[in-house]
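Consider the single chain below, provided in structure tokens and representing the form predicted alone.
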Amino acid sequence: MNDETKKQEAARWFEALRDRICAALEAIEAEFDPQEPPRFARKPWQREGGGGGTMGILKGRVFEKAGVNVSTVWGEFSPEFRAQIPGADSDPRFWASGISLVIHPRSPLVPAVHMNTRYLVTTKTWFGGGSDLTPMVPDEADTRDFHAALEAACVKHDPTYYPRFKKWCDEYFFIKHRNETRGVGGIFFDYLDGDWEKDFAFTRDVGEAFLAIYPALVRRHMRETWTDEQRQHQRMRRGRYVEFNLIYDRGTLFGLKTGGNVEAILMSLPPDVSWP
């Protein structure tokens, strides 16, 4: 398989996964309110330097704001950014494709979640991504089942993946200025550049694991009642989400520094937040 075919295969997968995830979330909204189920509003965009993507936003009764984006972009890194990207210091040209989603449920009893997977090409090539869960009200069963799904995806490919990528996630999604974690973790991986077929298969299985477990967690809690105090606590926890994404998140910084669509990049921010 040549390099161009690999790019096409990866980009097609991310778009297909997007369609399946959007359909799964819309099905949940239809179960909750069969009369007027909302659907994703999709907005395509073009990148001036090359490529583009589609931003998808769902605003419903279960999902206060769910954003599912795909993009495939190419061009050259800016001089100040080249040294931070493997393989770009000697040649600034790049190609990148991926899916990125953040879901902020309306109920504080339904956990927020993030997932992204991507394929990058410079003079080097690699896969990266992961998924992490952010409950507003702790639930041991949700945490256990979420991690079990990701662990199963990892173990299928390499017994060292889960402990390595779980540790990486815990360290990455740590809000340093608050001295606290963003949520209950998950997995995070990057620079996966061994065997392309195997790495791509693992990346696909991360997406499949997310698609299998997260809708199940939503259905577990979406009809439970919550209190005003829990809702306010949710707003406070969402504030931590904003702080992490704007200060530390590499995906946000990558998008902003490569001329990405600002609206799509910042779709991860929650719709209703408060700080003390």
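Residue indices: 1-based, along the sequence shown. From a predicted model like this one, the values you see are computed outputs, not experimental measurements.
One more form of this protein, predicted in complex with another copy of the chain, exists but is not displayed; see below.
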Proximity of residue 274 to another copy of the chain in the model of the complex, heavy atoms at 4.5 Å: yes
Interface membership of residue 256, another copy of the chain in the model of the complex, 4.5 Å heavy atom rule: yes
Partner proximity in the model of the complex: residue 33 to another copy of the chain, non-hydrogen atom cutoff 4.5 Å: no
Residue 211: touches another copy of the chain in the model of the complex, heavy atom cutoff 4.5 angstroms: no
Single option in 65, 221, 47, 237 placed near another copy of the chain in the model of the complex, where near means a heavy atom within 4.5 Å: 65
Which of 129-137, 151-159, 109-117, 174-182 sits within 4.5 Å of another copy of the chain in the model of the complex, heavy atom basis: 174-182
Sequence-ordered list of residues in 215-246 near another copy of the chain in the model of the complex, where near means a heavy atom within 4.5 Å: 235, 242, 243, 246
